[in-house]
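In the form predicted on its own, a lone chain appears below as structure tokens.
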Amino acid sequence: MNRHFNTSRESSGREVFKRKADDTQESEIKLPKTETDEHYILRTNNADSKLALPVQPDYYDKSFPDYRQPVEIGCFSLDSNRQLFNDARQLKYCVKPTSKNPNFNLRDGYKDRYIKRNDNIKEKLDHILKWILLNKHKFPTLSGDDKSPALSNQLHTDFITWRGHLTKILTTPYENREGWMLAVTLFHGTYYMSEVETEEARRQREQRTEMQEELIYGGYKFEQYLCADKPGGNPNPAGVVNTNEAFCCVVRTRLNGHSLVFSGEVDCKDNSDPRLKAPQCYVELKTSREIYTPNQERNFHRFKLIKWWAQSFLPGVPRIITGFRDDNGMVVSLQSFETMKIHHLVKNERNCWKPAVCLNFCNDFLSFVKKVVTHDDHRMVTLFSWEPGKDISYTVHTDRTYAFLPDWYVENMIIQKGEHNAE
């Protein structure tokens, strides 16, 4: 069993070696910086040697990496049965309230107009994979345009994942409560990354109180007050809140040398300026408890805004409209946050989060994945795990325990390769 030890914070240009003083002979070597400026730790014991990735913010406090402007390459909708449609039928349109004190009741309909998605069903990457198979023309080599038929089944994209998974990675250096597990499979040259629910997360989900469930509902209810089904329409807060329904955008971008295609749910579109194209026309909607004290404001800046920023920054959503609620579930005020200016609210606070640290850490984690996962096999899963206060470690699995690429996707991609080779 791998045990974790504190790492030395000596100069990163020197090797640091630590050995546990017992008969397990487990040790830790901090490797010097490589050409790509990555920080790895080599954990060794009598039987095995494995790399680990530290998460301390100081390691990643350097200049901002290159993050390419995200480009939307498609979208899809999920209906009340979670059936996927390759269109924007579930896109909602933002209707700005005329008052900054709207008195929206976020509890209205919780008991009698609420259809809740089944949290026990884990969809993994299935919806993204279905979208890929329906949109081969968005990947030129999949549509047969590649001059090399042997490569025509490859996406020529490094990572396929959900936006939410990347959000967790970005915020990890400053997270002190929630760990995570990410399963990674290398298939036809692309790293597919899917979250695995931790035991702690499952326990918390199953033991939610009625008040916690009501707060979750309130976030969806807030969207109902601000969103219309059609351009120029009006919101219908008397309707049913159905969390099975969703509109998702699919974007392509690049973080330093890593190309990414990921999808994320979009709350609504600002249709007031026809010059704005997706994803710049999208708006994120959030709720939060009303702030009464300086300490509450500091906590809001330190713990909540980092997640809001990461979630909207990744796909290039420029604006977040927030409804601040009182203890009775009434939205008493509204405030807009520009995604690219959020950090200005926190940059002068002591020991607060830094966007560059988040992006640099994400970049190094993706490099770490590439270094660890080298065997191209849809049946093999490398499970990356992290708990607060520890480094990122991993285990390799060749059984079906954590496998997440469905047979219908794998077979389609393999058949496609055969078809092109036969031509």
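A residue's number is simply how far along the shown sequence it sits, counting from 1. A quick note: this is a predicted structure, and the numbers were derived from the prediction, not measured.
The same protein has a further form, the form predicted together with a small molecule, not shown here; the description that follows concerns it.
Residue contact with the small molecule in the model of the complex: D108 places no heavy atom within 4.5 Å of it. The shortest heavy atom separation between I216 and the small molecule in the model of the complex is within 4.5 Å. Within 4.5 Å of some heavy atom of the small molecule in the model of the complex lies at least one heavy atom of L285. The small molecule in the model of the complex comes within 4.5 Å of no heavy atom belonging to S194. With the partner omitted here, the residue from R208, R117, R113, R202 that has a non-hydrogen atom within 4.5 angstroms of the small molecule in the model of the complex is R208.
Of the listed positions (W131, F247, Y220, F300), a single one reaches within 4.5 angstroms of the small molecule by any non-hydrogen atom in the model of the complex, namely Y220.
In short, of 185-193, 331-339, 82-90, 286-294 it is 286-294 that has heavy atoms within 4.5 Å of the small molecule in the model of the complex.
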